[in-house]
Every structure is written in structure tokens, then in C-alpha cells.
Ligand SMILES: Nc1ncnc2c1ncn2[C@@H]1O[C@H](COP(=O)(O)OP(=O)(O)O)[C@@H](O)[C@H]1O
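To begin, one chain is listed below as C-alpha cells, in the form predicted alone.
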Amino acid sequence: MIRLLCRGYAYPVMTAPALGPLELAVDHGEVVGVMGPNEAGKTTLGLVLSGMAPAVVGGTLDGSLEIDGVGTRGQPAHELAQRVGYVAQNPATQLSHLSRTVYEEVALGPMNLGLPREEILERVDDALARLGLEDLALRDPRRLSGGEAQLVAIAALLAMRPSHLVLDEPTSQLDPAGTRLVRHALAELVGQGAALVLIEHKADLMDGLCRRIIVLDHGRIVLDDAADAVFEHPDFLRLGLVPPARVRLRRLAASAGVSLDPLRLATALADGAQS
């Protein structure tokens, strides 16, 4: 479980808090989606939940972060990374820029943990296979497209096998096929008991994966409820957020006096995503 009590978090040299006050708990096997308008504090929340802030980026947290009942204050970043994995929005900031191949890049984290060679190889092979990256294993990480780099950054995180995950727009540079691979890999991890916080603007990615959605505005939680309830809430639209396709289609049909069968609608959308 990830449990955050944040009376306020401020970045270095900043006096006004960028986040809080707020409280948030994410249980084992729970997927919580985080949405909000620009400058709402979504990335800051991800950094604080993962322990990256203040441990790596600095600043001041007035409050506490607990991972599986253990406080994180004073813990070094490499220990936090084994407990909560964090994927940044920009893959360029996630890759080491030291490895000569994608395989070495994904292996870097497990190697730094001092794991046996056989386990390192098994973790890397598994992470690459989950995201369909086997053909890129010998590619120079510096010669990847933005989408490929994003998948490699996620694979490097999966190879670390942290207990929980915080991902900041992990599919921002991916095509639909890459997005499906990431969604499938995340669903498997959640099935194994990981707590997952997914910061995204793509409501369709969250739909069906996140049972709970929180919405931030000006660093505070303004909505926290079941996904369907949040997507239908008037404040969701007021903040300029876009609900998933099935919700938009149902509203359009209702306004036109047409009744849509929910099961047929879901099937049609799924078929369209596969094509």
C-alpha cells in the first residue's frame, strides 16, 4: 500500500506549495488514475508518491509517505526505487545514456541491485517480451524513436520489479499498438498485487483499467470516486477533461434520442481499437 499525507510540498527555492493539502491511499492490486488540467499538480503528485520528491528533486514535504507501512523519510533513492518504480513523462530523462544496447539498458537496474547473472537475464528477457521489444534488444538506445524509447524506459522499470508503480503519461508517445502492450503489462502487474498510480490524459486508457479516478486542480484533490462516477461528474467537464469514447458516444446518442446497448458499444470500441 502507498499512503500519502501531504500538508504541502514545495519545490526548491519556492515558497508556495505546488501540492496539497491532500491525503491519498492506494491499496495492493488497486489502480488509481490521476487526471486534471494543465498545472494541476499531477506530475508533482507522481514525484511525491514515488519518493522522488523530495529525495531526488529536493524541496520540502510537510507530511509523510509510507510504503507498505514503512515511512520513507531519509531513505536513499536506490532503495525507494525498489519499492515504488517511477516512469517519467519524458523517456529521455529516464534512460541512462550509458548503455550501448537496449538489452544493457534494461539490465542496468537489476545489475545495480547485485542480482545473480541468471536472474538478471531472466528479468530482462521477461521485460522485453512483455512489451514486444525483442527485436530492439541490440539497438543503440540513442537511435530509438520517441515511442521506442518510452517502451524501453517502461521495460527497464519492469525489470526492477518494484512492489508498486507510479507512471506519468507512460503512453504519451506511443501508437495504439504500443499503448495496448503497456496496458496489458500493467494489468498483469496489478493482478500480481502491485499498487498502480497512472497519471494520464487519455481517459480511454484508464477506462476499464482504473476502477478509481482522482482529479487534481491547483494541487488539491477535487474528485475521488469510482471511474464511472468521475467521468459523469459535472466538474469533470468543467475542468476541460475529456471522458472516454464510450461515455461521449452514449451522451451523443442520448441527445439524439437513440438508445445504445452498453455491451454492443463496448464490443464495437474494442474491435476498433484492435484495428
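Each residue number is its position in the shown sequence, starting from 1. Treat the numbers as computed from the prediction; the structure is a model and nothing was measured.
A second form of this protein, the form predicted in complex with the ligand, is not displayed here; the remarks below concern that form.
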Flag D68 as yes or no: does it have a non-hydrogen atom within 4.5 angstroms of any non-hydrogen atom of the ligand in the model of the complex? no
Using a 4.5 angstroms cut-off on non-hydrogen atoms, would A18 count as touching the ligand in the model of the complex? yes
Touches the ligand in the model of the complex: T43 (any heavy atom, 4.5 Å): yes
Although the ligand is absent from this view, report whether P37 comes within 4.5 Å of it in the model of the complex, heavy atoms only. yes
Given 225-233, 241-249, 202-210, 43-51, the stretch touching the ligand in the model of the complex at heavy atoms within 4.5 Å is 43-51
Across 1-25, the residues having a non-hydrogen atom within 4.5 Å of the ligand in the model of the complex turn out to be Y11, M14, A18
